[in-house]
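Same chain, two versions here, written out as structure tokens and called structure 1 and structure 2.
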Structure 1
Amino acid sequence: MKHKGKTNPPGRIKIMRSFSALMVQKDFHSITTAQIAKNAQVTEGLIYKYFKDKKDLLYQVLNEHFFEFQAKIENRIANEKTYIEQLEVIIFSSLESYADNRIFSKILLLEVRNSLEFFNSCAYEMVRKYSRTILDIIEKGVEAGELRPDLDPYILRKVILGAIEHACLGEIIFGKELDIDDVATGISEIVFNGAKA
């Protein structure tokens, strides 16, 4: 039987919540469908009514969290005047969002990337949108003369995204605390003004 997904029945919600809770404790592969079901107080079969497979459940949980992430950032960007300030907001807000939402971060940065299916999921569409936003700002920044004209916007994006993601890794993996203000301004300083004395 196919579900069109228009409603959001309690079973479905319970499954997603159960899965999210388990993701805090262990990695995706060591979570079993039996555990998810038991924890959600439903039968294993119900998982497959709402989700194509275990990975689909992962992607949908990720997707749900993505809305928060993106909404918060886009609101904040609107308040900034210069393109550099906008990028600084992105760096700060991304770090903050990753820190506030460990399950989201863990899924996005550590769990989904190893399987190609993800890149056809709608969760990945949101990654691309976010990524595109950054590129747009960089390109406008170059046009406006805020950023160096010889700059490759794609490479600057790589540096910014890479720095953000790498900064979160220790936090996600080992549960280390991160001083977001320090790290955000540190990254911005290096990226915009350079590390050279």
Structure 2
Amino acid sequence: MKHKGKTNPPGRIKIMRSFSALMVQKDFHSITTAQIAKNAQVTEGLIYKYFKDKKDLLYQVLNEHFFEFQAKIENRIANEKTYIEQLEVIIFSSLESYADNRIFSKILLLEVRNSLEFFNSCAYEMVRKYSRTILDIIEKGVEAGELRPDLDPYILRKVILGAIEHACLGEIIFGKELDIDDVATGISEIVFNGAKA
């Protein structure tokens, strides 16, 4: 039940903030709607005015997170002159987002993809927009001659997305530090310059 109003009601904002705060302290499955309501200082019934259930609340919180991330990416790539530089910015920004938002990252990497509902959610629509942004840049890079003309844009997108996720999966799960600059440079070097001697 995506909120369709032009404004974001204070109660809805409180609920989403409460839920986000609780996710830092607890596992998703152990959080109750009663705890969310108490933390937000609203009635439990208000949660169901704006959200179908707890999972819908999760997807809408993720959607807000993805919306801000997509806006940041679009703003950053607008300042880059080449398509390869734009892709490098996306690689860096994605790693940065995973490292800076570990609760959301853990939920995205380990939790929501096990649910078919996620793939019909507003949050997944934002994931698709992010993925489409990468594909568009790759296709423009091929057209501009920055990338090989025989390149399969869909496979390159999979390589980039897979490298980003795999590079930070262990760090996210086990709470390790992630050297964003080093990892982003390493991925970009191999993707755009190759590994062959």
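Just so we're on the same page, rigid core means the largest C-alpha set that superposes within 1.5 Å between forms. Values in this document were obtained by computation on a predicted structure and should not be read as measured data. All residue numbers here follow the sequence of structure 1, with the first residue given the number 1.
As for origin, structure 2 is the form predicted on its own and structure 1 is not.
Among 31, 165, 152, 67, the residue lying at the hinge where one rigid part turns against the other between structure 1 and structure 2 is 67. Hinge motion between structure 1 and structure 2 is captured by two rigid parts, the smaller swinging by 16° against the larger on C-alpha superposition. CA movement of residue 25 between structure 1 and structure 2 equals 4.9 Å, with the two forms superposed on the rigid core. For residue 16, the Cα shift between structure 1 and structure 2 is 3.7 Å when the rigid core is held fixed in the overlay.
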